[in-house]
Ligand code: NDP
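First, one chain by itself in structure tokens, the form predicted alone.
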């Protein structure tokens, strides 16, 4: 069959763009890509990038307060949300332009419209035109999930809406306990908003290390976040003062905005996947094998739409492996083992490998842990503490997990991740000379396990 393209990509996020660009530029493939929204996807337009810039902005208030305690004459003024928001959108437009320019430079044909599947080799564009391709890659990412059980839930916003607010809310309720909810709780708290957070579970950040979760919850409360676990929204109603929220635990209050950060789901609705024979999982994710191939041999999927490891760098790695496998004759499975990650709460949380709970279920372990006040904040008598934790196999001595809760933990875990991925042992860490005076030196100074399980 004479196809229009060798590869057609549905979705212009990090994974889809990387696959399209590499297939065209390095493998000489004829590539088309359709994106119904802005190029760059969740990470660049609605996630990692704008959120991290908001993290930076939110940290200055505490930094100025610390500077004053260190002797600087600093006046903490009002945060100018419109000025920040406009500059933020200008930066996102710049990045979007780079994504688009790199695709065009590689020879990718861009379709600025929605595309859906017709059959294993055909896509239909929103304008009614169809295109055929030898291979189709689905890289449509995920979307926010809002539970429909609470009457009035439509009055709330999601993380997609945060970057477009006309004004900074004076009082904000965040519903959810995952990393997105906790990050935005810390961000808005830092910007001066009065933040309340509801999470229906027993502790925030489900799936992460239990000790680290508890540490972060304590720090968030100490910094002013009104965090309530075991609580959820019962109903919402519009009143003159804002949005009245009735909680499941009986409390009742009025907020300017309610942000639902209750998780994300794969963005597969209405794409024609099942009609084309593609198998979907329980949460609507595209089911793929180790090489990102679906149940239809000509259709592949990468990124959050597969609900494997939902991180931008992982989507990019999956895209690279896909191009190597399909277009370069070099089969490479996607590697999801020992992926470092960071949660940009305040303080940050960096993790790689197993949690203590996961490791203890698999084999006998030793746990090394230190929580202390770092020099910078101890000097000005601030109560905040950092946490360093290593989980070690008693049999092999390998580091099974590393967890850091501290300012800059995202930067630190990247370096620790290299050592853990290489198979470093506790003794390798012990042989490493400490860098003094730093808080990070603690990671090579912990000599006695706090728990042997």
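Residue numbers count along the first chain shown, from 1. Note that the structure is predicted; figures quoted are calculated from it, not measured.
This protein has a second form, the form predicted together with this ligand, left out of what is shown; the following refers to that one.
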Inset, instruction - Report the stretch among 198 to 206, 273 to 281, 247 to 255, 114 to 122 that approaches this ligand in the model of the complex to within 4.5 Å, counting heavy atoms only. - result: 198 to 206
Inset, instruction - Identify whether this ligand in the model of the complex is within 4.5 Å of every residue in the set 224, 387 and 442, based on non-hydrogen atoms. - result: no
Legend entry - Position in contact with this ligand when the complex is considered in the model of the complex, options 291, 179, 327, 163, heavy atoms within 4.5 Å: 179
Inset, instruction - Check each of 232, 109, 366, 194 and return the one that places a heavy atom within 4.5 angstroms of this ligand in the model of the complex. - result: 232
Inset, instruction - Please run the contact check for residue 339 against this ligand in the model of the complex: heavy atoms, 4.5 angstroms, yes or no? - result: no
Legend entry - Contact label in the model of the complex: residue 310 to this ligand, heavy atom within 4.5 Å: yes
Legend entry - Partner contact for residue 346 in the model of the complex: this ligand, 4.5 angstroms, heavy atom: no
Legend entry - Exercise: residue 219 in contact with this ligand in the model of the complex, heavy atom 4.5 Å: no
Inset, instruction - Could you list the residues in 141 to 173 that come within 4.5 Å of this ligand in the model of the complex, counting only heavy atoms and keeping sequence order? - result: 145, 147
